[in-house]
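Okay, so here's just one chain, in structure tokens, the form predicted alone.
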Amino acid sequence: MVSQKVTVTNEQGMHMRPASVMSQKMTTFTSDVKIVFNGNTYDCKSVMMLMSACIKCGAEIEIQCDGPDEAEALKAAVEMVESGLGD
């Protein structure tokens, strides 16, 4: 398993569109991709799970990836969050 902490820079946080973009990208990986936020773990391949996390701008999250392509999945997830999740 690999993980990295990152700060959400998107002004709107994890609302519907960024959650959808993140989910679609993460489903291309075989590895499990999770976000840990406020002591809870959320599946990055589920739009509803991501939206239910209520992640706001400036929040620090930890992205965890576990599986055969974990390094690539982590790199892609971190890049997405750092780039503003498509917003």
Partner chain sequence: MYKGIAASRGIGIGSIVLIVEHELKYDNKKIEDTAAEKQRFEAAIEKFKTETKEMADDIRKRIGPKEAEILEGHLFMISDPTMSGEMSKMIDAGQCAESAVEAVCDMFYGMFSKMDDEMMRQRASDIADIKVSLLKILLGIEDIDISKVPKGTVLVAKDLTPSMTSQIVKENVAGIITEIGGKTSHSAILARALEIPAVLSVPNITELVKDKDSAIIDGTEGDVYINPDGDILSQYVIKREEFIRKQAELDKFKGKETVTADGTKVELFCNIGTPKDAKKAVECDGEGIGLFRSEFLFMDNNHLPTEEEQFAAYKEAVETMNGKDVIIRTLDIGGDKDIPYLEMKKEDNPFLGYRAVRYCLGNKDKYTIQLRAIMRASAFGKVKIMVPLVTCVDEIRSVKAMVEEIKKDFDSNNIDYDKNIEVGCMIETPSASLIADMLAEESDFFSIGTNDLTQYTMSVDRGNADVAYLYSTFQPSVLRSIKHIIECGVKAGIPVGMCGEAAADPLMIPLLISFGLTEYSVNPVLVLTARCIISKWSKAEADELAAKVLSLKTESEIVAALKAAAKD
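Numbering follows the first chain given and starts at 1. Computed from a prediction, not measured in an experiment: that's the story for all the values here.
Separately, the form predicted together with the partner chain exists; it is not shown, and the next lines address it.
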query: Contact flag, Gln12 vs the partner chain in the predicted complex, heavy atom cut 4.5 Å; finding: yes
query: 4.5 Å heavy atom contact, Met51 and the partner chain in the predicted complex; finding: yes
query: The partner chain contact in the predicted complex: Val47, any heavy atom under 4.5 Å; finding: yes
query: Ala71 within 4.5 Å of the partner chain in the predicted complex, heavy atoms; finding: no
query: Every residue of Ser20, Gln24 and Lys56 near the partner chain in the predicted complex, heavy atom within 4.5 Å; finding: yes
